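Here we start with a single chain on its own, the form predicted on its own, put down as structure tokens.
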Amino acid sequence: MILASILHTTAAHLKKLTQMGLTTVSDLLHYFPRTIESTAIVQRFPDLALGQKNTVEGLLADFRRERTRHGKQLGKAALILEDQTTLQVVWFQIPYLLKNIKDETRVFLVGKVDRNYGVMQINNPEVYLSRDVHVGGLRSIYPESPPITSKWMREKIKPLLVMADECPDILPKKILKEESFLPKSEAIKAIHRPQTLEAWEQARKRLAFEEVFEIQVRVLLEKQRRESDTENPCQFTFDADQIKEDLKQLPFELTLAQKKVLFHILKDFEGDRPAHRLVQGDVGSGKTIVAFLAGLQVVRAGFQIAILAPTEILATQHFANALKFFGPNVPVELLTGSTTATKKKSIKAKLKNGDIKVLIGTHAILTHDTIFKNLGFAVIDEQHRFGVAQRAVLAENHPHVVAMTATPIPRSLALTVYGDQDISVINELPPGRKKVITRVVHTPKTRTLCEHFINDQIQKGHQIFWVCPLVDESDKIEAKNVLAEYERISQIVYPQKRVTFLHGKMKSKEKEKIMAQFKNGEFDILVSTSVIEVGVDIPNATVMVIENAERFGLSQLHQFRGRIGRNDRQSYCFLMTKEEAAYTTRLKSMERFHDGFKLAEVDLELRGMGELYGTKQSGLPDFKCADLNDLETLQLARDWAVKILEEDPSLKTWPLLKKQIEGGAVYF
């Protein structure tokens, strides 16, 4: 049932609901609260909880409007409690409900109670005239997006809960019985309007299980389909002696972790089915050389390889390294958006007849007229930056696929979302690398000291990355922008230094030119947006400055930090922020931890998966109830998914589950 036909609300609210992906009654009922809070009513002064949110009942008296010395209007009143004591009430924005309120009207106020100059005061409270969905018990708190608020959600969802009875259960009955789970309809009612904390937790756990279970069934079916339908067109046994010779030719020795992952990939080539492997490795751990070594064996076996990078800068860097690694006897080509039409046509012709053995490129590879003669191995660098459909284009050739990521994925997330792939981890950095010293800079004094230190680094011949969250000035977001920061740094802070800037709105050739100049040492400072996050190696850069660091996730900050410290010199990362709270809670993790996996776990817990991984572009689910730190539920869901598919791989026994997995709507 369409919400627009049943909800009494404004056009602005309906528009926002559509933007949030909520268009039907089912969508709204499946928009679950993120938490709950108690609104148990307090009527007597001794029962008030100082410094906390209270729900207070009493008579509102002497309501009046006043103006501050700055001209802002305040609302003030006295609340008379049951024991005849009073609370001072102050509103900084006067609620519409008070417009025509009579003196000594019984009200319920929800707000924080504090002592202010000896007077007990409740500031800016919500106002209600009766016990309803907002006061008198437990109430739901939803993810908000103005004008959609938790208050609005509670009021609109309450009358729709009767329709939850029409929501069928996709979980097999045996799971419901053995795990003592609530029926879906009861769980939906309990999570929106819980009677007790225990009831809410029971509903949340049941709904979270269903979310993870559905994903597990999907990924296991995908793996099952791939393994049953596709034979390995690139099957060969690798030569161990040849591998040893290849390793001897390297100017450095691989870490033990790199050797293990290389062995995993080489063993994949011997299997009956094309492998899908996810290689996780922290920034600077040496994933690319492992891919090159594995690819060399594929070329020797007579097959082609493709390496897909998310940006032209990174693709060009891979191309330059590949030319050195594979040597003159292996034809290597680069295909990007900047490649001329004539050159593209030539490359695609040579690719089709097998003359090109190694193709490196960006999204430009992912066109249906890019035809390989015998693609055996596809490497997708920073795979979360490519959509699911884009990655599938390469998979049509049925090669072995290795997806690489420098965004460390917590075990819980990998277990849940990447269950159809084998996972390898490079958890060592090459020997000789020093940990990047990281400091949070949150006062004018420490910023001045930091700028003096940076000047000293430049005097020593080192280079500086200076990252800002915005390109241009914004009237909606208070944050540093590249263009203004470039002016400040080049004209005021370091007028004698060579400063340039870079951002995503520039043309590809312009960006490449600036990066090449910076890499060649023609500039001391590069002021940039997050376009420098992935892949670019500037060995001479020893300092990373990140403005408004609180606006980035920990994993992204770790990615930035990984652009420096790529040699034996000591490097430094300065996280600039004005927010004391950000310093004391989240950013200090960057000072403590240098392990990307640990930071990813902290980030996941603090920010949620959607923000951390960009669910829409990466194809990851946007969880509503599931907690990826709840390993018990994740493992339980996986165990049941395995068991159900072992009993009936076609899911014919469970038609509603089958319909849901195949994309059919089983809801109303």
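These numbers come from a predicted model, not from an experiment. Only the largest set of C-alpha atoms that superpose within 1.5 Å between the two forms is called the rigid core. Just count from 1 along the sequence shown to find any residue number.
The discussion below concerns the form predicted in complex with ligand ADP, not included here.
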**Asked** Any of the heavy atoms of residue 285 lying within 4.5 Å of ligand ADP in the predicted bound form?
**Response** yes
**Request:** Classify residue 331 as contacting or not contacting ligand ADP in the predicted bound form by the rule of any non-hydrogen atom within 4.5 angstroms, answering yes or no.
**Result:** no
**Request:** Decide whether residue 107 counts as a contact residue for ligand ADP in the predicted bound form under a heavy atom distance cut-off of 4.5 Å.
**Result:** no
**Request:** Please check if residue 355 has a heavy atom lying within 4.5 Å of any heavy atom of ligand ADP in the predicted bound form.
**Result:** no
**Request:** May I ask whether 255, 289 and 433 all come within 4.5 angstroms of ligand ADP in the predicted bound form, judged by heavy atoms?
**Result:** yes
**Item:** Among 113-121, 541-549, 277-285, 173-181, the region lying within 4.5 Å of ligand ADP in the predicted bound form by heavy atom distance
**Value:** 277-285
**Message:** Quick check on this chain: which one of 363, 344, 511, 566 has a heavy atom within 4.5 Å of ligand ADP in the predicted bound form?
**Reply:** 566
**Message:** Which residue, 201, 165, 83, 537, is the contact with ligand ADP in the predicted bound form, using a 4.5 Å heavy atom cutoff?
**Reply:** 537
**Prompt:** After fitting the rigid core, is the C-alpha of residue 268 off by 2 Å or more between this form and the one not shown?
**Reply:** no
**Request:** Taking the rigid core as the superposition reference, indicate whether the CA of residue 317 shifts 2 angstroms or more between this form and the one not shown.
**Result:** yes
**Asked** With the core lined up, does the C-alpha of residue 216 move 2 Å or more between this form and the one not shown?
**Response** no
